[in-house]
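Next up: a single chain in structure tokens, the form predicted on its own.
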Amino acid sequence: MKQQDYIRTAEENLFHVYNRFPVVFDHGQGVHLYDTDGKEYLDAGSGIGVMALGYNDLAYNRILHEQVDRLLHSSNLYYTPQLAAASEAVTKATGMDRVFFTNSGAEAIEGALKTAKKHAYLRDPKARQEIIAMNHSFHGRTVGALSVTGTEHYRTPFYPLMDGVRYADFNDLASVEAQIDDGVCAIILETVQGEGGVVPADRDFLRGIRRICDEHDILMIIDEIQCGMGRSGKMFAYQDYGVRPDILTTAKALGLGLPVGAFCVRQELAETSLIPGDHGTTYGGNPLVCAAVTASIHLMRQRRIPEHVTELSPYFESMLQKMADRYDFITSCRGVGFMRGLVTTLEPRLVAARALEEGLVILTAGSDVIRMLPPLIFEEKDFDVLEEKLIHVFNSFC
């Protein structure tokens, strides 16, 4: 079939909630994707941060093949060796004490919110259980996750959402402090805002949130669904700030392509929140995704992926700064590790479409950011090709 045939068939049958680009990807290898016509694309999006080790990693594939032949599912009514291994790997990597596996990042956020609310309820059944979230944040599209997403146009069509949510400004500690009273049970924020424009938290801000939570007995929820799993140069970005959350959410690269997320909590919170019957999932933590989780963390550790990101980050940042210096329509670059954005006066989606013509996959964030989340195995030579392709793309807008 030709690409247009695949696209037509999909559009005739899918619920149209995505404005997809007109390309049909067939397979990937390393840092490249290939469409059904055989055209090669340098992937600087990695499936929105999922394919951290690139495509067709043979060691990872072998582990999954073995698990497929062994056991796919048995339900959470029972234990499996894979569940035990994955739980140990995640708690060690995150520095947290307990983990619950979900099917997605949004479900991890839902579990985090329920944990915070149940903890507040047990302390005082009459408490308001309100949550402070950040403007321009993004936590997912389910009702609870959408309720704490700080972008109005995402929320408006779906009101009434979960009530008791207040919004403060990211990196503005005074705006958070102004929202604090006895009704607040948790503060939720991303260490690096992704969809909100690739904006890292200031060190003083994140530490200030931890201080506020400690002083007022409020839970700190950190969302690292996108910026976690090595992308910042640490296994989890918060680990570079000298803080520890009460609840952590993760997903995307946690399964390297398989749908899995998790929320992790401190031991004290695990003992004073959810109990059997409060929360559950049919597929979450099944043997296949748990094998993927353990493999993901093991391979990243074995190959020193966070260290590689730290080493190459200045090269990536310097290249993007050259773009900002060269083109008037690129006003700045920002981000951390292999999570970077170019702020632009162009329409980011038009740039992403033009990039595809050039054989380059890039992403957008908000209304004015070109976002790049390359696989964490990018080398200098890959960044050189990325630079060359970006120059061709940007020259077409001059």
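Just so we're clear, the structure is a prediction, and the values are computed from it rather than from any experiment. The first residue of the shown sequence is 1; numbering continues from there.
Here the subject shifts to the form predicted together with a small molecule, a form of this protein not shown in this document.
- Taking a 4.5 Å heavy atom cutoff to the small molecule in the predicted complex, the contact residue among Pro245, Gly230, Gly105, Gly255 is Gly105.
- Interface residue among Gly140, Pro200, Gly285, Pro306 relative to the small molecule in the predicted complex, by the heavy atom within 4.5 Å criterion: Gly140.
- Contact check for Ala86: every heavy atom lies farther than 4.5 Å from the small molecule in the predicted complex.
- The closest non-hydrogen atom of Ile225 lies within 4.5 Å of the small molecule in the predicted complex.
- Residue contact with the small molecule in the predicted complex: Glu110 places no heavy atom within 4.5 Å of it.
- The stretch that touches the small molecule in the predicted complex, counting heavy atoms within 4.5 Å, is 189-197, out of 189-197, 163-171, 71-79, 113-121.
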